[in-house]
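Single chain ahead, written as structure tokens, the form predicted alone.
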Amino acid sequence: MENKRLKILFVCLGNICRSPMAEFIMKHKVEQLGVADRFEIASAGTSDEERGNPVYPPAKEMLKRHGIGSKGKHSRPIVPEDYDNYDLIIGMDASNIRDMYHTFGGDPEWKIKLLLDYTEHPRNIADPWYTGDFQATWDDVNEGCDALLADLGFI
């Protein structure tokens, strides 16, 4: 099974703020590390209320400010098949984790993780849709992606 790509799915509530930020930050980081060909990275939401919507403008702007695009991304809800299709399924907060357990019927292969559990200070990533603090979300997601890459042995 050489050259197997690690498939990571980032998940938040609506898939318009936190999880797309994680998706595109991680894609940017693996590209910079020269290992993008070893990953398949996507994002989805636990709710379908934003289905088909693009990345929320303030989240898109925060990515753009750091030289990261999000062109073509549209929200989609998680589906049961995602559990079999991804190696790691990374939630942004405890509510996302609970919703994923419900959708996937549990986590028998221990694929579901909280992004900031990879850091030295495990915690939820607050939803900037409600807080309005997209900088805090950027900081948390960036920290989590670095910690995940370190855990995977890439940095």
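Quick caveat: nothing in here was measured; it's all calculated off a predicted structure. Numbers follow the displayed sequence, beginning with 1.
The following text describes the form predicted in complex with a small molecule, which does not appear among the structures shown.
Undergrad: Any of the heavy atoms of Y101 lying within 4.5 Å of the small molecule in the predicted bound form?
TA: It does not: once the small molecule is placed as it appears in the predicted bound form, Y101 has no heavy atom within 4.5 Å of it.
Undergrad: Although the small molecule is absent from this view, report whether I16 comes within 4.5 Å of it in the predicted bound form, heavy atoms only.
TA: I16: yes, in contact with the small molecule in the predicted bound form.
Undergrad: Please determine whether D127 contacts the small molecule in the predicted bound form, using a 4.5 Å cut-off between heavy atoms.
TA: Result yes; D127 sits at the interface with the small molecule in the predicted bound form.
Undergrad: Is E61 close enough to touch the small molecule in the predicted bound form, meaning at least one heavy atom pair within 4.5 Å?
TA: Contact with the small molecule, no.
Undergrad: Under a 4.5 angstroms heavy atom criterion, identify the one residue in D107, E49, E31, D87 near the small molecule in the predicted bound form.
TA: Looking at the other structure, the residue within range turns out to be E49.
Undergrad: If we take heavy atoms and a 4.5 Å cut-off, which stretch out of 22-30, 35-43, 49-57, 108-116 is in contact with the small molecule in the predicted bound form?
TA: Selected stretch: 49-57.
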